[in-house]
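Presented below, as structure tokens, is a lone chain in the form predicted on its own.
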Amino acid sequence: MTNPSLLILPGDGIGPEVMAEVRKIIDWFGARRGITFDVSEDLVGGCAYDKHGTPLHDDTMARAQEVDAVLLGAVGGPKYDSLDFSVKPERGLLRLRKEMDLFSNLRPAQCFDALADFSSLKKDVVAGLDIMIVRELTSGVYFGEPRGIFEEGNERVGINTQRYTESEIDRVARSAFDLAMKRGKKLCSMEKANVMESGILWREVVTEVGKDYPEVELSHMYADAGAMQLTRWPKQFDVIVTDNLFGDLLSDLAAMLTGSLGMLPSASLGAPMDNGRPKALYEPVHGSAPDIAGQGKANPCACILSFAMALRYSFDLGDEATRLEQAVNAVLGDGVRTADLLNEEGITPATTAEMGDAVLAALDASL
């Protein structure tokens, strides 16, 4: 029996640092749990542009299509701000999502008990928060045509097109309903049906799909009202499904309810492969944070938790995913903090490596 395959793309900025801690945990699962992976590594983003003149080499794209899962760190940095839009580091990530057809982006917003005081909202509003936002990832305004900057009369005009087909909405809706069935059986669909025809179609298709899931309580909300409700009383939600643009905005908003972007993972899932598992890419929600890159200040937990999502969704190792998540929770409960998790002076923060080592110690304690 062959080992499951994992392609690691550390990327730019703090990506290599946080990914180094994930590599320790992968090694731990092999040594202590007998769970091994065929791990390979490659370039994406600015580092790929530096070597190949493109943010994602064709050979890397081909490898990503062949493996069981891809784990990515972060891309981008000010060094690349002047590049043409077509070769900016972020285009490498967008190409991975598009060509792997990763249409369903899972963004959990979970408030760990030890971090409830770090949210900008009151503790009673966020304590125990556990939301899953499902964002459509491969269509909508980020990919619609026509797009570009054009001359119109005596001035320039920027155009981006919001476009969705019924089938694109149907498949991401089913992904969200399936998740809701495994959680609290509540799903809220968010769009702007009051002013956008694409929103009208979105609401109609999601409603139709809902007939196949009679156990799930389906509600609809305009996306701007959803943003307000997320900051008013976020625990009213369980699973939220929305389009690419609104999902980008709402998931970042929900992320900050938890206190730190450094704690939040994500999964991008596609259609099932021959082995029945979805094509998948896992990445932390945070960016490349070039201002602290190479200083040992980055929080590796989001990347570690992204690997936990890979264990659950790509490798059918739900119990081991829970073990890893509980180890992170235990470390936070013990007061181990990287700089982004400190809200008082006079305390020396843990380094990136020290946080990773603490998670390993908590994994050892779980045996």
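Don't overthink the numbering: it's just position in the shown sequence, from 1. Source: prediction; values computed, not measured. Superpose the two forms; the largest set of C-alphas matching within 1.5 Å is the rigid core.
Note that the form predicted in complex with nicotinamide-adenine-dinucleotide (NAD) isn't included here; everything after this is about it.
With the partner left out here, nicotinamide-adenine-dinucleotide (NAD) still marks one of 234-242, 260-268, 218-226, 203-211 in the predicted bound form; by a 4.5 Å heavy atom cut-off that stretch is 260-268. Shown here without its partner, the chain carries Val75, Ala289 and Asn299, all of which come within 4.5 Å of nicotinamide-adenine-dinucleotide (NAD) in the predicted bound form through at least one heavy atom. Taking the partner from elsewhere, Asp170 is found to have every heavy atom lying beyond 4.5 Å of nicotinamide-adenine-dinucleotide (NAD) in the predicted bound form. The closest non-hydrogen atom of Glu191 lies beyond 4.5 Å of nicotinamide-adenine-dinucleotide (NAD) in the predicted bound form.
A residue is said to contact a partner when one of its heavy atoms sits within 4.5 Å of a partner heavy atom; Glu136 fails this definition for nicotinamide-adenine-dinucleotide (NAD) in the predicted bound form, lying far away. Among heavy atoms of Glu99, none comes within 4.5 Å of nicotinamide-adenine-dinucleotide (NAD) in the predicted bound form.
Proximity to nicotinamide-adenine-dinucleotide (NAD) in the predicted bound form, defined as a heavy atom within 4.5 Å, singles out one entry of Asp130, Glu197, Asp178, Glu90, which is Glu90. Proximity to nicotinamide-adenine-dinucleotide (NAD) in the predicted bound form, defined as a heavy atom within 4.5 Å, singles out one entry of Leu106, Leu187, Leu230, Val285, which is Val285. A displacement of 2 angstroms or greater separates the C-alpha positions of Asp252 between the shown form and the other one, with the rigid core held in common.
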